[in-house]
Each structure stands twice: as C-alpha cells, then as structure tokens.
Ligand code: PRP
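Shown next as structure tokens: one chain only, the form predicted alone.
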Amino acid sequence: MDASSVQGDLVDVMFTEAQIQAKLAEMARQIERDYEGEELLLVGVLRGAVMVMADLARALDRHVEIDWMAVSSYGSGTKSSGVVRILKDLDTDISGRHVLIVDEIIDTGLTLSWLTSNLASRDPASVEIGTLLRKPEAAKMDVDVKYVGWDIPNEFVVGYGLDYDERYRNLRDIGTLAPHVYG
C-alpha cells in the first residue's frame, strides 16, 4: 500500500520507500564492517520490526541468523503498564553469540532497556540495538543504540511496520498520522 491510498489519514510522508531502503543499505554496510569475521544473530521485535528486519537482512551481504521475540509493555490501553511480558521468546540459545536487536522505532526506551538487560543475562558475546527510527524527545530511559536510521520528532508515525490499532503496518512509506484518525 502506498501513501496515496491513505493520504487523508496522513499529515505528511516523512520517509519514502526509496529513502528507507537507502538508509537500511547504509546501516547494513556499517553492520558488515563492525561484525566482520563474526557470526551474527539478528533478533527482531515483533510485530513492528518485521519490515525493517526483512529488508535489513536482505541488504546485508553476509550470512546472518534470524530469530524473533514478542514483548509487551502495554496493558489494555495506550499507556505503558511498566511491566514487560515476554509473549514469544527466542528459539535460539544466544550464549556466546553476537546479538543485534532490530526494532522499527525507539520511543520511551523502556521496553528496549528491559529487553537488552534480559538478553545480556543470557551470556551472549555482545548485545547491541539497531533501529530505523528513534524519538529522542520521548525517551524516558537512556538506551545505548548502536545503529540509528533517523532521529525524528515526537510525532505519531505509521507505516513500514508502525501501526495504529494494527492498521498502516503495510504502508510502504512512513508518515505522520493525522490527529483526526486517533483523536
């Protein structure tokens, strides 16, 4: 789905599909340099990271393994409950492995901080984070992120895995959602 299909729902298109692919290729080159000669396990955070993970993995010119986790820090509403639950754990033993957590966006940092700590307790060789988007103004927890595509303003964005009420994930671009949609 492209932005023209939902143009009345978007304030603007922040990043086009072409810009996203170019940024992921740029991130892939840096990852290749940093992990040269090392085995690498990419751990995607479901569901939002599916698009980023797939395209980042394809942009890498090397073998990588892939696994997935699903975590939740939300209760029944849109506010974080402060409690993180593992809904789907890794199928891979990460002991002694280099792990790169891949996410589509870092907002408050609370969930990624918890996830990094949880994975670090499993005796990996290293745990790093890569994200396509980061909202520095929304941060409540300082999270060390090794790879960042773009820092963005604290706006409600959708597309390319980012959703509102499970909609817009398959939008090829990333855009700012109009307040009339969620307000």
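These figures come from a predicted structure and were not determined experimentally. Note that residue numbering follows the sequence shown and begins at 1.
Just so it is clear, the following notes concern the form predicted in complex with the ligand, a form of the same protein that is not shown.
Between 59-67, 24-32, 149-157, 38-46, the stretch whose residues reach within 4.5 angstroms of the ligand in the predicted bound form through a non-hydrogen atom is 38-46. Among heavy atoms of residue 86, none comes within 4.5 Å of the ligand in the predicted bound form.
Though the partner is left out of this view, residue 108 does reach within 4.5 Å of the ligand in the predicted bound form, counting heavy atoms only. Among residues of the shown chain, residue 169 is one whose heavy atoms approach the ligand to within 4.5 Å in the predicted bound form. At the 4.5 Å threshold, heavy atoms of residue 17 stay clear of the ligand in the predicted bound form, well away from it. In the predicted bound form, 163 is the single residue of 139-164 with at least one heavy atom within 4.5 Å of the ligand.
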